[in-house]
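Have a look below at one chain only, the form predicted alone, in structure tokens format.
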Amino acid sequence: MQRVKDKIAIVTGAASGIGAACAARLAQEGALLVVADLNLEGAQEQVRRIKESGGQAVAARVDIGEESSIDALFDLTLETWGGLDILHNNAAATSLSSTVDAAVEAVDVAVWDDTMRINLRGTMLASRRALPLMRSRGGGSIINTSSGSAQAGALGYSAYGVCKAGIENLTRYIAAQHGKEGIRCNAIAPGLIVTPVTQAYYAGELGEMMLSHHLTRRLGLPEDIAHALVYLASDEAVFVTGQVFNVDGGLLSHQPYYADEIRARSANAASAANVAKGAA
């Protein structure tokens, strides 16, 4: 099935993880791709794999914290493919959130500023470059990567969660301002996604604890996000804009005591079974 056949797409943060899975899936569905990442070698490796599978793609280095780098990415896209139909704003400075992003009282202000500059401002700048290109082709689809962190508080990662909340509202503003031009803008909010980098971290007891808060039988995979992305990028979603799609295994759709209630009910059932066994 070629749901985005011959549509021109940029995927940022596409060297690994969610971005790599989304780029691969778009290529399978017929898109002409620019695989962009700060890690150029990683982007080139993804392009090699896409071409081996019969897809069409070029690699580009992009630093979404630098406007000139974003401009160069769009110039390359125009030179290579001649336009733009799909933009997946997936890149983010995740290294900041995994090191020194903390509770509000403790967060390094420089880290806060860099997180907003790279993640939120970078998404805005890339979208702004995409809009006139999509307008000239009669429309297009912008898909931003948000996070469950945008919708619920946590003990740390304050800057990351706030910047993602900003991305969700940016999504709505773009949708409102450009919908009549045929340009749709949506966001995907992944939950806990297991990648090769995080697989060992979520193995064992920690993974079981995380899974207990999901409504599904397993944790998320990058391919789960890619499935949603292709739908939003395709003409099947022509009536969908300004939305945030939670692809999180139901993590944020239940009462906060969900996992505790399951454990309590299981314990009560076991206790009742033991009482009945003793009475017999």
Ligand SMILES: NC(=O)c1ccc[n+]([C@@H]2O[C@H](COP(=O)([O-])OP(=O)(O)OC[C@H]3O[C@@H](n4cnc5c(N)ncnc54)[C@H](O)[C@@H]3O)[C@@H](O)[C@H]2O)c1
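All figures in this text were calculated on a predicted structure; none of them were measured in a lab. Residue numbers here begin at 1 and follow the sequence given.
What comes next is about the form predicted in complex with the named molecule, which does not appear here.
Each of Asn39, Ile118 and Gly191 places at least one heavy atom within 4.5 Å of the named molecule in the model of the complex. Contact with the named molecule in the model of the complex, judged as any non-hydrogen atom within 4.5 angstroms, is confined among 156 to 164, 125 to 133, 174 to 182, 76 to 84 to 156 to 164.
Although the partner is absent here, Gly242 lies well away from the named molecule in the model of the complex, with no heavy atom inside 4.5 Å. Among residues of the shown chain, Thr145 is one whose heavy atoms approach the named molecule to within 4.5 Å in the model of the complex.
The named molecule in the model of the complex is approached by Gly65, whose closest heavy atom lies within 4.5 angstroms of it. In the model of the complex, the named molecule sits within 4.5 Å of a heavy atom belonging to Ala91.
Although the named molecule is not shown here, in the model of the complex the stretch 194 to 230 places heavy atoms of Thr195, Val197 within 4.5 Å of it, in sequence order.
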